[in-house]
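Below you will find one chain, with nothing else, as structure tokens; this is the form predicted alone, and questions on how it binds or moves follow later.
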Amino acid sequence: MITREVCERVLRKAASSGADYAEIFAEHTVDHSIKMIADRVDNISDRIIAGAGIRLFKGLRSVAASTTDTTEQGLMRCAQRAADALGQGSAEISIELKERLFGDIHPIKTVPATVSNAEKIRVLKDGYFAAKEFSPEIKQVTGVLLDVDHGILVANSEGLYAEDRQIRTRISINAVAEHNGETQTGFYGPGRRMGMEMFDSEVDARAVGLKAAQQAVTMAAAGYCPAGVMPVAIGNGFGGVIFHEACGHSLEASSVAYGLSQFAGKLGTQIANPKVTAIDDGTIPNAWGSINIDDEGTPAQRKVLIEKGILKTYMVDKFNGRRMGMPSTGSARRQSYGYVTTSRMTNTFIAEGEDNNDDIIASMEYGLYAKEMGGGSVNPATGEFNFAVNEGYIVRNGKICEPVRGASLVGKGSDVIMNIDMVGKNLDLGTGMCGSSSGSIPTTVGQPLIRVSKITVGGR
């Protein structure tokens, strides 16, 4: 995207007012999406994002600037703005960039841009009409097929010059069902860091539509969930959103470095039930949240955050690592060049345990089985959260019984991970987008079936 020689000159200009670290992040991203609604293709869109961000450090000060003009002249003007903002004096530094190739552990067989819209529409229709025809109670279906080709370049004053190309594909189906005048929605949206071959080997578009429709129909006919404190079994896959939101964000350096985390200063201490081992792994081949390098050019890593209940490490980026005295863990991410990088998750999950899944349900005299989780909110400083349950069932005498809707889980992250007293063996991963200070990024959540011994369930 930008030659080494140009990057060297721009970095020297950026660092000229006394910075001790200078960085260029450039990107060229093409987003392509197809949307279906009312039994027809409603929209086909293409979006190109191209530009560069320049960031400077001076001790614990950081400034950033960005531009859409990636000519040398445009980059020089951006570098000067950043240098002026830092405004700490003058310096002449020598920068010699050396290209590094980190390899690619996410092979792409069919680049989506080489596939016709007609073929993509055929795949989307498979999912759409599978949902639409599932039941007469399905009243509306929306389907989206998205592919992203995200190319990045990172160059910095430490001599790094590296590029990466990230291709991701995702299909999502949203179904609305009506029963006796009551409507409920069902959603399923799997994705991978893959091309269109995802639909040959990993994702069945029809199965996506059927799952969304089944959830909508089941919940439309369900009664309301009773409220109270009770044991809750949380399903595998996207059930891991509980850990991601209630605990994961509190393990990011962006919170920990400033003491704004429930887990700040607790390395080496027990923060979870000994049954809990939690991992953030950006190296899983072709997983939705995987990377080869992060947005500071640090190679992806597999990090055991919590091992048998003991806090082992945090997710750290370069700048917050300075404040914490810790090296980067390959956790620096940003939505685009227009955002400032900070520590974020990649593929974050609770590892498989030793409990049999049947035993988890059988252990519950009365409680809730949260088969599919939805969205929610959390305060990383306190860990207090509130999450919707998209598909839930009452458990009586160790058996899954009638479906219930309107359930929510309310609690505190540090309490929940202490109260996870059973961890099953059916680990699965779920696809999501995570929003934070550096924008919206692709992340994976995951877990096997788990049991929380007690948690507040909101309902009626």
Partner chain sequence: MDFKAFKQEAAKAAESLGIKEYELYYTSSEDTDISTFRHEINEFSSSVSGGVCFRCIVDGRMGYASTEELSEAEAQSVVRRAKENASVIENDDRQFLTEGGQKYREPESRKYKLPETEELIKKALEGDKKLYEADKQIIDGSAAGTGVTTVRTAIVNSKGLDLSYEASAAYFMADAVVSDGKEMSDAYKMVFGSYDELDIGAAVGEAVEKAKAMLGYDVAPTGSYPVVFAPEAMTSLLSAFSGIFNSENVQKGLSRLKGREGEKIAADCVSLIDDPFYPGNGVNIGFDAEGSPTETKNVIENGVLKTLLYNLKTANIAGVKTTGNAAKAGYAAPVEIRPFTFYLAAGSVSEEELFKNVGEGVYVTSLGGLHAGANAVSGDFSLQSAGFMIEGGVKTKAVKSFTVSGNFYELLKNITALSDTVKLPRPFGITAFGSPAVAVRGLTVAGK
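Residue numbers count along the first chain shown, from 1. Owing to the predicted nature of the structure, the values given are computational and were not obtained by experimental measurement.
Heads up, the form predicted in complex with the partner chain isn't pictured, but that's what we're talking about next.
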So which of A91, V176, M326, A351 gets a non-hydrogen atom within 4.5 Å of the partner chain in the predicted bound form? V176
Within 4.5 Å, heavy atoms only, which of M418, I400, L427, V410 is in contact with the partner chain in the predicted bound form? V410
Using heavy atoms and a 4.5 Å limit, would one call M76 a contact residue for the partner chain in the predicted bound form? no
Give a yes or no for Y314: in the predicted bound form, does one of its heavy atoms lie within 4.5 Å of a heavy atom belonging to the partner chain? no
According to a 4.5 angstroms non-hydrogen atom cut-off, is E384 in contact with the partner chain in the predicted bound form? yes
State yes or no: in the predicted bound form, is some non-hydrogen atom of G309 no more than 4.5 angstroms from a non-hydrogen atom of the partner chain? no
Contact at R81, L260 and V457 by the partner chain in the predicted bound form, all three, heavy atom at most 4.5 Å: yes
Partner absent here, but in the predicted bound form, which of 292-300, 202-210, 384-392, 152-160 has residues with a heavy atom within 4.5 Å of the partner chain? 384-392
Using a 4.5 Å cut-off on any heavy atom, which residues of 353-381 would contact the partner chain in the predicted bound form? G375, G376, S377, N379, A381
